[in-house]
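Listed next as structure tokens is one chain, alone, in the form predicted on its own.
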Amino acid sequence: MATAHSQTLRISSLSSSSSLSLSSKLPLSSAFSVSFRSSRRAARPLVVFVSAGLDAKPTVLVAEKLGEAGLKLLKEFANVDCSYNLSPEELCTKISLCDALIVRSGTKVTREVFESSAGRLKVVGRAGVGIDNVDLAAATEHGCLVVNAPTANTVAAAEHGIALLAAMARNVAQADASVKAGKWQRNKYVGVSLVGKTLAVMGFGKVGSEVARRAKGLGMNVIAHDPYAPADRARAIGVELVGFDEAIATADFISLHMPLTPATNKMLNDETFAKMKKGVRIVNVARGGVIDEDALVRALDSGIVAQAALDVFTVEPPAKDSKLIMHEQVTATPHLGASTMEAQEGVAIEIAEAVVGALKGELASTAVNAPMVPSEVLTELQPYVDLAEKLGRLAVQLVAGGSGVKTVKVTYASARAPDDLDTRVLRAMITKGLIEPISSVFVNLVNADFTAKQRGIRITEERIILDGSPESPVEFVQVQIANVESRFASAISDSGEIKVEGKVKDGIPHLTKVGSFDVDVSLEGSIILCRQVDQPGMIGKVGSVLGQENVNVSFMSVGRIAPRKQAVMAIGVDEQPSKDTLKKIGEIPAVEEFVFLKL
């Protein structure tokens, strides 16, 4: 007989028995490192922790310019060495004498830096949001905490986005250069008005929402695309959330505010430019890599894109002979998004506080690595950790664009007593799967709850206590997302939520339920879900299409309501099928819907 015990995770006030509160700072324990190795994948470090017992004043190396307010905070606690423009070799030489390192975006903190520190380096502080220039895996392996300053730049970046928007629309930079060259070309630099135009904000996080507020004040019609943005928050400022294709197809102006992730890398390319309204204008104050720069040049030359205003580039600084930079219809600035006096001081204070806190043995919510769980617990939970992350990834990919994930329920079935099952790491990994694929945040046990709260996601947990011997920690894990539309209607359960369920079999995570359909497919590679009429030959037809395209099938499972009724087929594939291959599957007469999910 199974009984259910419901436990709600309230991010602002977490239970000490089963949750990790991130609203207050946490004492560090003694240092230890654990990594898991699977026979099917490379080792992925999951936990490293830092001890900060310091008898003398620590030394902080500030490798790039930091505001005076931040330096003052640092000097009250540590010896501060401000050494700017260090070569990689000089940085590696100095680092063995330092307990902390603070950088901006210009310094690469590579594996060699961590190796050269010989274990002394305790914390790296990135004065800004992105941490592309810090080798997080190496930091974790060497027991070094990494913290960033994610909030102080928000207004500055939004203001710069609006500045570029207006300057581009009115040809300010080009007209200025013309006048200074002794010309007076009023007819050449006739601009376009912003009032009444549609602005698509791609990425409705902190900066994107601030850009939207300001654009509304300029009389623009603002739409936005962001799979995680709550629709009610968007409506509160008069913004409509739409799908990606609708956003780029209807916009007169597009402002980019998404992070650079594998999912967003070169998101704007020849294919997506072709879907845009002719004469669209693009602003990018996010990351250079989200645009295929060669494709942008082609779009500018063809007139699909009328103008672009860019603050960020794939390579910074860009080449002097860059066709993009030299293009007459491009306005370029040298990564000035955070470059206001106020933002610089705010970032300096935020990163200084985080670094000093870490050196004191405290851990702030801006930490981007170092989950904390005893090694023996992680060893037992290892396969369930992988299962949890993949269930999160599957669930969020089933959400239709524009829905906005707000309410997630996680259910664990276990024969263990509640105080014998620490679900913090499982919940964190589900959160990681839900958020990380399209976010610049690196989610782990330290920052999972904080990150979920920032995005307006409320996570509740329920435990189903099973009878029997508690040999394994968890029998199954279930993830449900409420109040959203689904890309795959069959994933909606009888109660109206997107539902996926999985368990561990022989150490391998398996998907065992989608919506109300039972399936059984290994969570490796990627998955195709098909709903079809249950009739003979369907497995062969779908398998034949994949085989003709040289897509290897690793697992296949069919769950059905009743014979000759509806069935859901779950197919594990080793390679990503082409669009043509997926189209052929959809054209099979008995296939009613399908979706490709990437793990």
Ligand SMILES: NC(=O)C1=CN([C@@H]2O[C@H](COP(=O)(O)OP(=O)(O)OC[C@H]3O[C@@H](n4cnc5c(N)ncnc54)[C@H](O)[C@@H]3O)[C@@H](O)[C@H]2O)C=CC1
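In this text, all values refer to a predicted model and were calculated from it rather than measured experimentally. The first residue of the sequence shown is number 1, and the count goes up from there.
The form predicted in complex with the named molecule is left out here; the points below concern that form.
Interface membership of G208, defined by any non-hydrogen atom within 4.5 Å of the named molecule in the predicted complex, is confirmed. Among heavy atoms of Y228, some come within 4.5 Å of the named molecule in the predicted complex. Although the partner is absent here, R287 is a contact residue: one of its heavy atoms lies within 4.5 angstroms of the named molecule in the predicted complex. Not displayed here, the named molecule is approached by G203 to within 4.5 Å at the level of heavy atoms in the predicted complex. Taken together, the three residues R393, M429 and P509 lack any non-hydrogen atom within 4.5 angstroms of the named molecule in the predicted complex. Here the chain stands alone, but in the predicted complex its contact with the named molecule, taken as any heavy atom within 4.5 Å, falls in 263 to 271 among 263 to 271, 113 to 121, 319 to 327, 295 to 303. Between the named molecule and the residues G404, G337, P383, G433, the one pair within 4.5 Å by heavy atoms in the predicted complex involves G337.
For the options I248, V356, V425, M258, the one in contact with the named molecule in the predicted complex, meaning a heavy atom within 4.5 Å, is M258. Shown here without the named molecule, the chain has D311, V312 in 288 to 325 lying with a heavy atom within 4.5 Å of that partner in the predicted complex.
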